[in-house]
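Take a look at this one chain, the form predicted alone, written out in structure tokens.
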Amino acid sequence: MLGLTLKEVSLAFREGRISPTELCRKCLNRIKKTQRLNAYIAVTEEFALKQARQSEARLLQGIPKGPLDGIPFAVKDNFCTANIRTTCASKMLKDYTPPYNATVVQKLLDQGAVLMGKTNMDEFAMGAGSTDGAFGPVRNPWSYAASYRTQAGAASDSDWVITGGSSGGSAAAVASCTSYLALGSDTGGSTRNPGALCGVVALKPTYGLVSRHGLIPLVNSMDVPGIITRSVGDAAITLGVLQGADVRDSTTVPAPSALTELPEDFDVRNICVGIPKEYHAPGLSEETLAQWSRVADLFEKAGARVEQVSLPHTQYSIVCYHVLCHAEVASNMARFDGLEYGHRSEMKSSTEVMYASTRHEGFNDVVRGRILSGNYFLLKQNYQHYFVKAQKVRRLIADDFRHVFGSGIDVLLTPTTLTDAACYHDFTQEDNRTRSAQEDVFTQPANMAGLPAVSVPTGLSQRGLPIGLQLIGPALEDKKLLCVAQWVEQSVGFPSISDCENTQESRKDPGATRREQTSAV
């Protein structure tokens, strides 16, 4: 039951095969069994059971609120939740309880969805591994799958691998079947990166299609609420609920069309797929490259046009992203001064001492480092040289995408990450900035340009760990993007984690990672 799609669970509710309360208890029990993953910062057990009972009463009366009524979901801990602690995985907000819900949270609650808890993350979403939060690192559920244990020869509770980040707790929650969907935030890939490494679907909608109200900001011009599910169809249903204009967020736009379910008979022959040549980045693993080639081959064999394209300013994208990201971080983190929000130091000899000690005690090294570099970029003598120049390069990057999509390309197919998930001990040997530059290399250009992008799991590596590919579409073409993603999902036959927990069969297609490369890739 925990592995079903949203449509299947809704049908099970209507047919009386399970009740929302029973399903909620199953998820709560699953959370307890998977505590070692450290996916949740807080579990809202009493609130969840109360919601489930209310959902059950509506179903008995024959008046469910919608397709998500009674469905368990989880929320990344940087979305405000009324009367439920919201910490951003930081000591700075360890006791902060918002008085209101983020718009996306409220929309899910209004549909009758059942909140299971708040998920773990990198502190203030600054990281690519979910290893730098105040509540400890998140473990990838695939660390305990038979496919990884057998093929990597990993010990029972060591050699575990990271989830990716910064929405690692949300990806782990969905992958471990403790919730059917989860909210993440995506500023430079923070939803798609853990989605790829945890073998789940991760959608970053078009900037402005989903409200940011109540999402504690990292980079206002790039932040997008992300959706993590176990299938593309589930992501489409969730986006249909969340999308649309919000009077509390002036950057939102009306939804271009209603989105409930995707067509099952999508004709891929009408699609032109672009393969950006600049995405052959240093460090791209042979297995990821093979998956990229394999899916491009599948498109060609199905009758789609596959063409190599160029995004010439991609090489400047990661540096440009870091300048803009750090500058906006410095601005956004200024509010945490010990007076208005969060932690306040006991050092009170002067206001200046209190400010300094509050921020030193409340922020970790990663956050403080980004604030320092961001303030440097914004200094009067540096502003034109760094911040303004980065904004100009950002426009060139967006223009590259606009030119490609204007030439007849419908979607771009790229890797999501360079490799499969790294072992925690290997990942933490490098500093946060280096790791983020490596992990965000394929994902942040879509944030810079405000485009929709989705990561779909396509196969397992030789180590038995998931590999995901990314599809990027034109702005506000989220529905077409998801239609193509669903076709990929149906074509690749990615095994569920439950299959790999109970069997040593790790691949539906053992030769998939050794195929010859298509000419386009």
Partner chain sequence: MAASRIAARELLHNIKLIPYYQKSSCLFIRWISTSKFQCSSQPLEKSALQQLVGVVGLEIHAQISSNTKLFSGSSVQFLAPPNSLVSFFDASLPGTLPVLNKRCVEAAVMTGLALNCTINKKSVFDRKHYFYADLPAGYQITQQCRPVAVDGVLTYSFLGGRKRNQVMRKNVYIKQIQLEQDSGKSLHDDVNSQTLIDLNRAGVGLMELVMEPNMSCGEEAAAAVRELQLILQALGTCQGNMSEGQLRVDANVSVHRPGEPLGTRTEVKNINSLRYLARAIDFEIQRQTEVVQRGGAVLNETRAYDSKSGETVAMRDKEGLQDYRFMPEPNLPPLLVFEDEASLPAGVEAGQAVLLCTLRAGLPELPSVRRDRLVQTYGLLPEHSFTLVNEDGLMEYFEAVMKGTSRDPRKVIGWVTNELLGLLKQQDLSVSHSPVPPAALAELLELQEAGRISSSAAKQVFQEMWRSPGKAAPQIIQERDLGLVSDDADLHRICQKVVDSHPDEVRAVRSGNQKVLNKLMGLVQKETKGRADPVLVRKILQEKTS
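Note that the coordinates shown come from a computational prediction; the quantities given were computed from them, not determined experimentally. Numbering follows the first chain given and starts at 1.
We do not show the form predicted in complex with its partner chain, though everything after this point is about it.
S.K.: Any of the heavy atoms of E430 lying within 4.5 Å of its partner chain in the predicted bound form?
M.R.: No, E430 sits far enough from its partner chain in the predicted bound form that none of its heavy atoms falls within 4.5 Å.
S.K.: Quick check on A258: any heavy atom within 4.5 Å of its partner chain in the predicted bound form?
M.R.: Flag for A258 set to no.
S.K.: I'd like to know whether V253 contacts its partner chain in the predicted bound form, with contact meaning heavy atoms within 4.5 angstroms.
M.R.: Looking in the predicted bound form, residue contacts with its partner chain do not include V253, since no heavy atom lies within 4.5 Å.
S.K.: Answer yes if any heavy atom of I216 is within 4.5 Å of a heavy atom of its partner chain in the predicted bound form; otherwise answer no.
M.R.: Contact with its partner chain, yes.
S.K.: Just give me the single entry in I397, C177, C80, A304 that has a non-hydrogen atom within 4.5 angstroms of its partner chain in the predicted bound form.
M.R.: Looking at the other structure, the residue within range turns out to be C80.
S.K.: Tell me, which of Y279, Y316, Y341, F266 has a heavy atom within 4.5 angstroms of its partner chain in the predicted bound form?
M.R.: Exactly one listed residue reaches within 4.5 Å, namely Y341.
S.K.: Determine which one of 245-253, 187-195, 435-443, 230-238 lies within 4.5 Å of its partner chain in the predicted bound form, judging by heavy atom distances; exactly one does.
M.R.: Only one stretch passes the 4.5 Å heavy-atom test: 245-253.
S.K.: Looking in the predicted bound form, is its partner chain within 4.5 Å of a heavy atom from each of Y207, S221 and L379?
M.R.: Spot residues vs its partner chain: full contact, yes.
S.K.: Within 267-303, which residues come within 4.5 Å of its partner chain in the predicted bound form, counting heavy atoms only?
M.R.: Heavy-atom contacts to its partner chain in the predicted bound form: nothing from 267-303.
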